Each structure stands twice: as C-alpha cells, then as structure tokens.
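Shown next as structure tokens: one chain only, the form predicted on its own.
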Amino acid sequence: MGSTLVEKVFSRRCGSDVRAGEVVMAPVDAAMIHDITGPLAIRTFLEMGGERVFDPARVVMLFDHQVPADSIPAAENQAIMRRFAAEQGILNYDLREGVCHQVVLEKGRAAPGEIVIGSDSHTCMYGAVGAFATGVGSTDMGFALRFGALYFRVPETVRATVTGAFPERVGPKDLILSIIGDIGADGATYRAVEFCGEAVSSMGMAGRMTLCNMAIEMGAKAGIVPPDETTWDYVRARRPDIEPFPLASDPGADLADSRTYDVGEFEPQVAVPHNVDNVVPVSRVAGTHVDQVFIGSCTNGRYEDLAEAASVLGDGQFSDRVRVIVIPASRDEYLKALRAGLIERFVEAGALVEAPCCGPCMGGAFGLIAPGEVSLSTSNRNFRGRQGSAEGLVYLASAATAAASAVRGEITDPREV
C-alpha cells in the first residue's frame, strides 16, 4: 500500500516507515511563538527545568496580536519575551515584520517535508509549502523548546481535489469557505487535508496559503499542498541551499475521505454568524447592512488580496456608513502595496490603513464592534465575540466581496460592482 504525503513527511523525519494512527516522537524543524502564547510557553519551558532551548536558530519569535502594546500586561508580556530572546540567542522579529504565519513563510522558516509547530491554531498555513505544520498548546511548546521534539499521532488524510477554473471575482477564499461548509466544523478533526487538482496547481502561493490557513476551521490537524515548481520557486528564493525533491502521496494511498470540487461552478461565498461552516452563496445575504469591513489577516492580507480589493474599488469611494480597516499581513506585503499605489488608493477612498498586525481578527487590540453592529471580514473566524461584542455579528468573505460591500455599505456580490 502506498503512503500519503503526510505519512511520507513523518517517515522522512523519524527515519522509519510511519503510518497514520501511529504515535511517534518526531523532531521539529522549527517552533514559532508570539506575544499572546509565548510567555506561557516560556514559563512551561522554565518549569520543566529548561536552561537552553534546543536550537535558537530554529525558534521563531515575533509579536503580532497586540502591537504596538495596547495595555500594561501586553507590554509586560513582550518584555518577558525580549529578555528570553536575548538570553537564549533567539532572533526576535519583534513587532517589525507582521503577522506570524505570513512572516514564517516569507523568511523561509518552513519548507517541504519539514515538521513545524506554532503556538497558534493557524500554524497549519505553512502547509502551503508542503510542510506538516500544526498548532500546539503552550505546554507542548514548552516541551518542544527544551527537547526539540514532540509526540504526534500521525493523522489520516482527507483529499480535496479541485478542478476547473475560477470565474471572475471568485477565488481561493470562496473555495475554502465552500469546502468548510461541505465538510463541517468538525468533519476533518485530527486529520490532514490535502489540497490538490488542477485548480490548486494553477494557484499562486497566496491562494494556497489561504486554503491551508483555514484547514483548522474544519477541525483539521494540518492542511497541505503537494510541493511543485511553484512551491520550490518560492522556497528556494528564501532558502537557496534547499534542493528540490519529490514529495507527493502515492497512487493507492489509504485516505480517510476524498472529495472533488469544481470551482467553475462557484459563486462568491460568505460564512454567516456565528460559525465558519455556516456558509451560503453571497446572493443569500446580499443587502445585509454592514458597519465595519476588515480587509487583512493571515488569511487574506497579502498583496494579491489587496490588489483584488483595489480592483473592485476602482476609482470609487468606500461608503461613509462603513468603517473600513485595511491591514497588510506583513511589512513585505505592505511595501508591495505601497509601491503599487494601493495604500494611497485605499486612504483616498476613506479607509484606515494600519501597520501589519492581527488587528480586529483577534478581537482584543483595536477595531472592535459594538453590540448589534455587523462586521464583514476577510479573516478566518466569525465566532461570537471574535471581533468585539458578543452581541455583534461577524461575516467572513473574500477581499473582493469585502471591497464591494464596503463601497455599497451592505453585503454585495463583487461581480455587480
């Protein structure tokens, strides 16, 4: 029987044939901590008697959730992490670079065949480059910081084969929302979702990141895209020393489930409060009043997303009835948008453009909504209270749908603008 892509990653790193369902102690190639969960992981590391991290070069540290520090406790947490980084010799990206998941990939800290962990649930985004990447709790992270390894139960694989070509103003965010709506919030629990097919192969890295980022929203342990020429071009631009090698599931590999989606039949999708798998076509909720639109996050804050939003905006203006917040996912993405004139266009149209960070996505820094208000967001979660008041409503959509809705002041099909 052949092996799945995920089984091959674990077999390669463990040095022996590994199958789904087995529990293994596997080495980690990189471990990421940020300003919310990092202090807890550091405390666990110290409580375990840790003196030196397993390898400072393999620890990724940065701040993105509450930056600049918006409270005394946030400032204290960041001070703890800065001291720890200095003592351990860890490169700390601090608050300069942007959202952790975008930065990890931009800096080449994840690559095909590697096992990468992060103390954040959306760490699964790194599967876009063919890594097995997953979020872990602070206790597990403390253990990994000390020993450089972690116990895993090797997950079964759900394959999502995507065919066809995207219609105009329909894209990867609409696809992943549709898949989550089909599989359900717990339909892929502790499984790896492998995205493949012609529509994925023709997709750029930005789109693949969007797919893998939201794998956790169907309960998945990881999302992963088989590395191809697009992957290797992206990775080698950041780590020239890596030589490409074949890494894909074998024909006949044992799958837990397999589903096929034809994007040629899709229309823009929207996740309706208060669950990510509560997905409907945009036509079902068109006309819903919105108070705030957020374009950004590790899901859809890349240049490609901002360019799509700007394309929908055109020479128009955002509605005066809507607070529009635009946040590029990283400093690199911000500079791309700035040099292309997108930042100026958004500001002219009435948006607030903020420095790269999580912003409204985590509901604890800025951009919160009041009771009864409605937010349309390009981020990844719409749980009750996610962006402020528990009595507010959060809808999720693509950057194109968000921009169209910001222009009209109500949820709008981007194909109509």
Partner chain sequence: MTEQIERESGGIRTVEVPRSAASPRVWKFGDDIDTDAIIPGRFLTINDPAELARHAFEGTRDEFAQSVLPGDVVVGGRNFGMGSSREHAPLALKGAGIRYIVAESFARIFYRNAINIGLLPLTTPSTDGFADGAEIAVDPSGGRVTVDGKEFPVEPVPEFLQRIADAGGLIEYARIVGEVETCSTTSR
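Numbering follows the first chain given and starts at 1. Treat the numbers as computed from the prediction; the structure is a model and nothing was measured.
Omitted here: the form predicted together with the partner chain. The next part is about that form.
- Of the candidate stretches 86-94, 182-190, 338-346, 158-166, only 182-190 contains residues with a heavy atom within 4.5 Å of the partner chain in the predicted complex.
- For L393, no non-hydrogen atom is located within 4.5 Å of the partner chain in the predicted complex, even though that partner is not displayed.
- Among residues of the shown chain, R208 is not one whose heavy atoms approach the partner chain to within 4.5 Å in the predicted complex.
- By the criterion of a heavy atom within 4.5 Å, S138 is counted among the residues contacting the partner chain in the predicted complex.
- Among residues of the shown chain, M48 is one whose heavy atoms approach the partner chain to within 4.5 Å in the predicted complex.
- Taken together, the three residues S121, F143 and R386 all come within 4.5 Å of the partner chain in the predicted complex, as judged by their closest heavy atom.
- With the partner omitted here, the residue from T288, S178, N275, T230 that has a non-hydrogen atom within 4.5 angstroms of the partner chain in the predicted complex is N275.
- Taking the partner chain as positioned in the predicted complex, the residues of 62-79 that bring a heavy atom within 4.5 Å of it are, in sequence order, Q66, S71, P73, A74, N77.
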